[in-house]
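Take a look at this single chain in structure tokens; it is the form predicted on its own.
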């Protein structure tokens, strides 16, 4: 796994714009090199804000949207179209505004599909398996960028501290009894997150500062799931100043005035 790099931006607005610019460049470069790209989205305020910034800039045309596969790191087990679903927020912010190939957008199924959370997780793992190529050397694609938020408790995706999902080695799992609503969710596990070429942990706000510090230190990923969020080639912690306020100075690099 890669060693995390830290970039600090002035505030949440600047952070969202910087993530958008970095994402457009990263996806365009990946498509130029390989012909296509795989992106894993996150929900939450910063994840959706970054997607809105992508939609707002003409530079988004640098991405060949029909050649992009969209995945989600986790999803709330709610019906399609529910405003609390990560998919719903992503579609409103960006996905419905660009020319994606519908067959390459991979939402996690909800209860309106007539299946259980466990069945939804199994189907998503199967979909990932089918998308993996020989050169990926595993049961999931080598995602070009996998975006994550970070909770005040150190959770990423729907991997919460000390809960069964953080011990699970399957690619995708159902989560029951999550400490924040809704209690039932679907989540990629650490093993799938670590298959990504690049993992970006995007965090704003002073309430997340303690979790950021722990995730960057030698904390155990069972107690601090964010400490296990690492990419194969690169891991970026993209922060605003408030979220970075408790990390040691030697780890920081300011990206904007």
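Positions refer to the first chain, counted from 1. Computed from a predicted structure; not experimentally measured.
If you look for the form predicted together with a small molecule, you will not find it shown, but the lines that follow are about it.
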*Which residue, 149, 141, 171, 154, has a heavy atom that falls within 4.5 Å of the small molecule in the predicted complex?*
149
*asked:* For the three residues 44, 76 and 208, which mark the spot I'm curious about, does each lie within 4.5 Å of the small molecule in the predicted complex through at least one heavy atom?
replied: yes
*So, in the predicted complex, is residue 120 in contact with the small molecule at a 4.5 angstroms heavy atom limit?*
no
*May I ask you to state whether residue 180 is within 4.5 Å of the small molecule in the predicted complex, using heavy atom distances?*
yes
*Please name which of the stretches 131-139, 108-116, 155-163, 94-102 has residues with heavy atoms lying within 4.5 Å of the small molecule in the predicted complex.*
155-163
